[in-house]
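Before any questions on binding or motion, here is one chain by itself as structure tokens, the form predicted on its own.
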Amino acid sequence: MSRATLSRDAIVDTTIRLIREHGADALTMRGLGQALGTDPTAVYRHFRDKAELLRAVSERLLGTVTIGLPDGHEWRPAVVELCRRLRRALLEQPRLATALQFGPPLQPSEFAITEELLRRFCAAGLDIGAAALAYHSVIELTVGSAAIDAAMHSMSDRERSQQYTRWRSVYAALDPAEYPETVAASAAMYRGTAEDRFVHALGRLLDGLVPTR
């Protein structure tokens, strides 16, 4: 890619591709320059440093979360889909999930997520105070789930399955006199995918936040 055609969008696109292929920790400005077909110093004409570039990547990933959500009178499918998308975006860039543990990024894409969730909870019949508490509840579950699962996200399906099998074996081998419920539940633990378990937890949370009228 020539310097004349190099743009912020092109740099962000390539950065996201490299993160998806190799992980955020493997990203270097030298490697990014090679992928772009230009000298790494050309990137610094568009971004002051790697931190600024990663903020732009985060904004791009979060910006897709609210696009094309289910519409209509049903609030719940939209909330579930938004949270699933947000979790996936956080898993794409684990550093973002870690950063969100210290507070919201206060950027346009995050504002859009906040507004969308509050709007949906208000549409479900909650007053604004209850809607705010519901927003905090689902955001904290989503961010926490992503932070926990980030370490295993880069594993292959086979590697994750092997890890889950090993964990079940450890639980099953505990002393049943000391840990009777854990041993009894061991065969049912860590079944399905991490996203399956997240969606289940989110569903139970929503049941409590917006009781059936």
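Each form is matched to the other, and the largest set of C-alpha atoms that superpose within 1.5 Å is called the rigid core. Only a predicted model underlies this, so the values are computations on that prediction, with no experimental measurement involved. A residue's number is simply how far along the shown sequence it sits, counting from 1.
One more form of this protein should be noted, the form predicted in complex with another copy of the chain, which is absent from this view; the next part is about it.
From the list 179 to 187, 31 to 39, 50 to 58, 64 to 72, the contact stretch for another copy of the chain in the predicted bound form under a 4.5 Å heavy atom rule is 179 to 187.
Each of Val170, Arg204 and Asp207 is positioned with at least one heavy atom within 4.5 Å of another copy of the chain in the predicted bound form.
In the predicted bound form, at least one heavy atom of Leu141 sits within 4.5 Å of a heavy atom of another copy of the chain. Another copy of the chain is not drawn, but in the predicted bound form it has a heavy atom within 4.5 Å of Leu118.
Mapping the unseen interface onto this chain, His22 falls outside it, with no heavy atom inside 4.5 Å of another copy of the chain in the predicted bound form. Another copy of the chain in the predicted bound form comes within 4.5 Å of a heavy atom belonging to Ala132. In the predicted bound form, another copy of the chain lies beyond 4.5 angstroms of every heavy atom of every residue of 6 to 32. After superposing the rigid core, the C-alpha of Pro176 moves by 2 Å or more between this form and the one not shown.
With the core superposed, Leu69 shows a C-alpha displacement below 2 Å between this form and the one not shown.
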